[in-house]
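Presented below, as structure tokens, is a lone chain in the form predicted on its own.
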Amino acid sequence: MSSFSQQLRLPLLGAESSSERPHGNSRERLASLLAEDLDFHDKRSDYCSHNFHSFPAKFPPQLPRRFIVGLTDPGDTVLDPMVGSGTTVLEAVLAGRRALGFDIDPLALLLSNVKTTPFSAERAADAGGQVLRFARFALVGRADLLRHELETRFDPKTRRFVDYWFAPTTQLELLALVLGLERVEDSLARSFLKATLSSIVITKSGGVSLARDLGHTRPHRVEEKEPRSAISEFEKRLERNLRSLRQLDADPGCAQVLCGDAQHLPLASGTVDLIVTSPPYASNAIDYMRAHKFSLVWFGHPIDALNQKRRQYIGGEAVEEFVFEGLPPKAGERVATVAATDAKKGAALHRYYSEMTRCIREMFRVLRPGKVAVVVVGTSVMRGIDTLTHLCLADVAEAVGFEVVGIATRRLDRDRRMMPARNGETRATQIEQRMHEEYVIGLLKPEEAGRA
């Protein structure tokens, strides 16, 4: 067992009742859960720390919780290898399970760690008050020093990005807050406040930048937009996040969210009891970094470094020096169909299914025999051709060794799920047309796999 896997001996939370768990073995329970209503349109999703920060295309917390409660026992290990905003790991912690999450996106790692790490709201409030006092003082008494720092803080390319998307007064306010954050010695409080600051930049509407639809990952600059005061917005958001933090009553040792690639997990084989994850869309249909860089530049990430990081994300379009996998029939046919219309798009789709093949192979490896992986995916449209992502990934999973127990369809509530908008176009884009439903793939690792 790897040294990391040995760290899974974590303290437990209070037990979750399993009275609603379906009867039968894992296959029967999974089939029963997939047959239930998975839309959750009438359920609140803003409880606890789920509402710390907007995040595009995240699933409702009731979705992972349904499978966590229905397929695991308190103390079991739940993994999300593409953790995103941390919905699965937070629900696992709240249900008394051990939670593991991996991602390579800097903002996803920040948010997931903050949302799953309870600590004193009083400490956070004190630190937030110090940041606000420092920022207000700097804006009044040290504005000249702020302007000098602003001129020297960014490289030329990042400087151009900041100037294009943020008004001069907003830049000074954000910098004052950032400098105040950098003075906070308590690392947990500092991370909490960074997430709070990011949440006033990346929003569904409004926010402190000159962008609209930033939360949809489709930002466009609006010249006439009157940006809100970053100081006032930070103060309001701090109070809201503090109220949510007080609801997070859990043992901080039950969740670990680390930087890691889902294609190469640093876990020993057969150590995970359940996987619930939602991979990215193919070909950057939802471009997370396009929005995330709006706040990450303020935390010291240069634009060039973020663009390079984006090339590593699953679902990217760069294929130079990429290692392609052989694909099973359904996935191979879809790639060939797209490539016949557009060779570049076909290569991007082949990249996506290659990356997902490696991810699913890793998921199969780290799961215990007889355990389940739940993969929530949406399809994309490339040159008018449906990628049939759910069918192709099910095909890949079968080739890897999983049993596909079923594929459920859930209707999306687009007003709540932060899907891309059309930015004033009169005709819905192809991606918008497709994003009205997604698919929940239920996969079982056979017991016999443990004896292979």
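What you see is a predicted model, and the numbers here were worked out from it, not measured in a lab. Position 1 is the first residue in the sequence shown; the rest follow in order.
The protein also exists as the form predicted together with a small molecule; that form is not presented, and the subsequent description refers to it.
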Inset, instruction - Tell me, yes or no, whether Gln312 is in contact with the small molecule in the predicted complex, where a contact means a heavy atom of each within 4.5 Å. - result: yes
Legend entry - Touches the small molecule in the predicted complex: Glu362 (any heavy atom, 4.5 Å): no
Inset, instruction - Indicate whether Phe55 is a 4.5 Å heavy atom neighbour of the small molecule in the predicted complex. - result: yes
Inset, instruction - Using the partner position in the predicted complex, report whether Gln263 sits within 4.5 Å of the small molecule, counting heavy atoms only. - result: yes
Inset, instruction - Report the residue, out of Phe134, Trp298, Tyr288, Trp165, that has at least one non-hydrogen atom within 4.5 angstroms of the small molecule in the predicted complex. - result: Tyr288
Legend entry - Listed residue that, although the small molecule is not shown, lies within 4.5 Å of it in the predicted complex (heavy atoms), from Met82, Ala189, Ala211, Val366: Met82
Legend entry - Contact at Pro328, Leu388 and Asp395 by the small molecule in the predicted complex, all three, heavy atom at most 4.5 Å: no
Legend entry - Stretch from 103-111, 123-131, 193-201, 331-339 whose residues place a heavy atom within 4.5 Å of the small molecule in the predicted complex: 103-111
